[in-house]
Structure formats: C-alpha cells, structure tokens
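One chain follows as structure tokens, the form predicted on its own.
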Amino acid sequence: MEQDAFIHHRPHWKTHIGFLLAAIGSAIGLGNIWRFPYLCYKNGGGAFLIPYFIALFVVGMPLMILEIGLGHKMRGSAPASFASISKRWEWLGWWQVIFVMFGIVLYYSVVISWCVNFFFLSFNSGWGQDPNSFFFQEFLMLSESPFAIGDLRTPIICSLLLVWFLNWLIVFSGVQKGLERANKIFMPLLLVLTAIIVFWSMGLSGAKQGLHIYLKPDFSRLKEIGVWMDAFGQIFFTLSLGFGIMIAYASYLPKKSQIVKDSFKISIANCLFSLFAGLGVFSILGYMAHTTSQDVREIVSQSIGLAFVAYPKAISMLPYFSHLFGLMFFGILVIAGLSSAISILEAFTAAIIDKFHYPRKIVISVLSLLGFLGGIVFATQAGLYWLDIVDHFLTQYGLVLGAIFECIVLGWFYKTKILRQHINHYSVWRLRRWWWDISIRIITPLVLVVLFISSLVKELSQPYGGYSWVAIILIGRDWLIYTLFFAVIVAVHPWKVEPRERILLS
C-alpha cells in the first residue's frame, strides 16, 4: 500500500510548456553566452555553423532523444532508470548525478555568485578603469598557485549564500510550484533581456565590424580536425547531456508525450539562443574596438576574460545608459546560471528520493547546505585554479566517459530497438532505425571516444593549463575518482522499492 501511494504521488509537470521551458533552461547556461561566440569566432565564423549543426543532428539530438526516452519509459531518475535495465549499471546513473552535484554545480554556483557581484557593481561601474586588475587582483585576490589557498573572499561567500538560498527555495517548492514556475519566469525574461542587449548592441558604432569578425565564413578552416572536434564537443556540453538532468525531467512527463518532437525543440532552441546571444557579444566588442581604435581580434578573450574583463570595460565605454546595460547583461548571466543550477540539484534530489524515499524538503535542505559548504574552496584566493582544474577533468573526462557508457549500455546491452519502439508508440514524429540506432550505437560513442583520447593525449604531452602534475592529480584526477567511488558505494545500497517494481506500479 505504501509503495502504491509513493508511486501514485510521483510529481508531474503541470503543463507541457513548463517541461519545455525547464529543459531549455537547463541547457541554456553561461557557456551559451560566452563560450559559443568565442568558439564560432575561433573556428571560422559562419563556416563553424556547418560542423556545429551537423554535430547537432548526428550526436546532439539522438542523445537528447535517448535520455528523454529513457526517463519517460523508466519513470525515474538516472540511477533508477539504469537500475531498471540492470542492477550492474546502476553505478553509472549515480556517477553522473554525483560528479555533477558534487563537482560541477559547486563551482558553477561560485561563478553565478561572481555574476551576482558584478550585477551590483554595474550600478556604479565598480570595476573601475582597469577591469582586468580589478577582477584578478581586487575581486578574486588570486594567489600564486592552487595550493596557496589564502583567505575566503567575503563578497563571493555572501553572494554564494544568496545563490544557494535561491537554489534551495526553487527546488524545495517541488516540480510544479518550484521548477516549472521559476522557469516560466526565467526563460521569457532571459529571452527579452537578451533581445534588448542584442538589438541595442547592434545599433552601436563599430557593431558591424564585430559581427563581421564573428560570422565571416572561412571555409578553409573546415579542413581542420580541431574545428570539428570543437563543434561536436560544444554540442555535447551545451545540451546538458550526460548530466542525468533530462532523464529526471522526462520522468515527470505524462505517459502521452511527444518525445522526438520535444527533443528537437529543446536542442534547436538552445543552439539558436547561443547564436543569437553571440550577436550581442560581438557587437559590443566591435563597438569597443571602434572606440579604442583597436582591432576586434586584440580584445576578444575566452570564457572568464570575456565576461568579467572585456565586457565590463566595454560597458564603461558606452555613450549612454551604461549602468542599465551592465545590469541587464549580468542579470542575464545570473538567470542563465540559476536555470541550469536548479536542474542539476533536481536531478540529484530525484535520485535520492527514488532510492531512499526521504522527504523532498529534507533532501533539498541538506543538499543545499552541502552545496554551499562544498563551494567554499572555490571562493578562496586559489578558487579560480581549483575551478579551472576540476571543470577540465569533470567535463573533458567524466561527462564524456559517462556518455560513452550510456551509449554502450542502451545501444548494445538494452538494445536501441526496445527504447525506439517505446518512443514511437507515443510520438507523432517517429524515429528511423537507420538514423537513430546507428548514431547511438556507433557514431556518437565513436565521436566521444575520439574526444576522450584527444584530450588524454594532449594531457599527457603537457599538464593542462601549465599546472603542476601534483595539482592535476590531487585536484582533478582524484576528484573524478572519488565521485566514482561514492557512486559504487551508493549503488550497492538496497532500494526501498525495486526500480522494476516501480515501473509496473506506475
């Protein structure tokens, strides 16, 4: 009776648009705004869109369909879904949600806290005339090495506390009142603010020069394997694949769902947002180049430098309403970051509730506290080094390895035919064997293996980022190993309700 009651009360999305906005919100993150535009510029401008969209259709969409289809069929989180296939694969689901929860979201929340600080600094351009010195020397007070931990940065700790309070508040309220309601506010607001920034930026002097640099096609670059590697890697990371998020979100869908159609909508919306946001980024960089009589290439920087150095400097140079522009830009980053962070928190919460049946409110409260405490190391003077190393190992090795095993388990052991039949039973858009099966069983794992090997070869030739081997091993490699160890430990613990029984009862 207790089992029937628990299964019956599994949460569901109140509306279909609520699910779509939450899934899109998970996929759209900070990387869409600062990483994709840089990769596009770096890899041939408009020509980069060719391998990018090929990667989307060959790898991105098939994996999105796979994860949404799996969660929908198994009615559970990633660990529950893999355990429903076979208990020997349960560790894979736990590994995915553990290194994302106790790795990626820890430092990701710290980056969001930086954005919160810069949002408030935008009121008076508090970064001054030299944003580079301000960010690294005054704001981060960056130490000399990863092991020179130094002091806690009070402004970062305070904003980190706010970020985790918001994470807790949203996920604590549940699927309908928390995640769905938050994303119904976040996503339209994100789109409106991004559109304002883009069209405002495109009207500035020099914007055309920036857009020319951003999208000018250099088709000769398509001969380079590195360009294709970047395209496939970006598609994989930008869609939140291998996080266990889409599996958990899909488990809250009603039985009658358009799995294929929704997967296409989520994937395309994410990629188009990246392209659209890039118009604003490079328009403002073009304005900055025009104002300082520099070449755009001289001021383009990657990732953190773009968001916290180049952009603040450009904002300070705007002829009017510069403070408002800054508020909107960093507001966009905060919203994009939070929409992704809460999805990671929900994926792990769903896994714990599925297996141990603990109350949601207790689970999310404990996780939020642990998340805040776990993020403290990234809020020290050595935090940026730790963030860089942990991010490199978890994304380049953890996520990729997890997705390779995912394709092997579902493509070869479980058989794609079984999942394809389930998906086609509910979907108006039907999956074709020649496209989906081949991608999941052969093309996607092959691409991911190549990505993994290329990263490993590069790693072994010289330590990542110029760090010492000791830092690489103790901070990066061991973090990944510990998460795998804990995944195996949790996986051997007995279930309150066996995963296959739960499917039958649902």
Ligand code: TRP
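Keep in mind it's a predicted model, so treat the numbers as computed, not measured. Note that residue numbering follows the sequence shown and begins at 1.
One more form of this protein should be noted, the form predicted in complex with tryptophan (TRP), which is absent from this view; the next part is about it.
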Exercise. Should the three residues Ser26, Val100 and Ser240 be counted as contacting tryptophan (TRP) in the predicted complex, with contact defined as a heavy atom within 4.5 Å for each?
Worked result: yes
Exercise. Counting only non-hydrogen atoms, which stretch in 122-130, 291-299, 104-112, 324-332 is within 4.5 Å of tryptophan (TRP) in the predicted complex?
Worked result: 104-112
Exercise. In the predicted complex, which of the listed residues (Leu30, Ile440, Leu56, Leu448) lies with a heavy atom within 4.5 Å of tryptophan (TRP)?
Worked result: Leu30
Seminar exercise, completed: In this chain shown alone, the residue from Gln96, Ser263, Ser343, Ser81 with a heavy atom within 4.5 Å of tryptophan (TRP) in the predicted complex is Ser343
For this session: Look up in the predicted complex whether Ile245 has a non-hydrogen atom within 4.5 angstroms of tryptophan (TRP), and give yes or no.
Result: yes
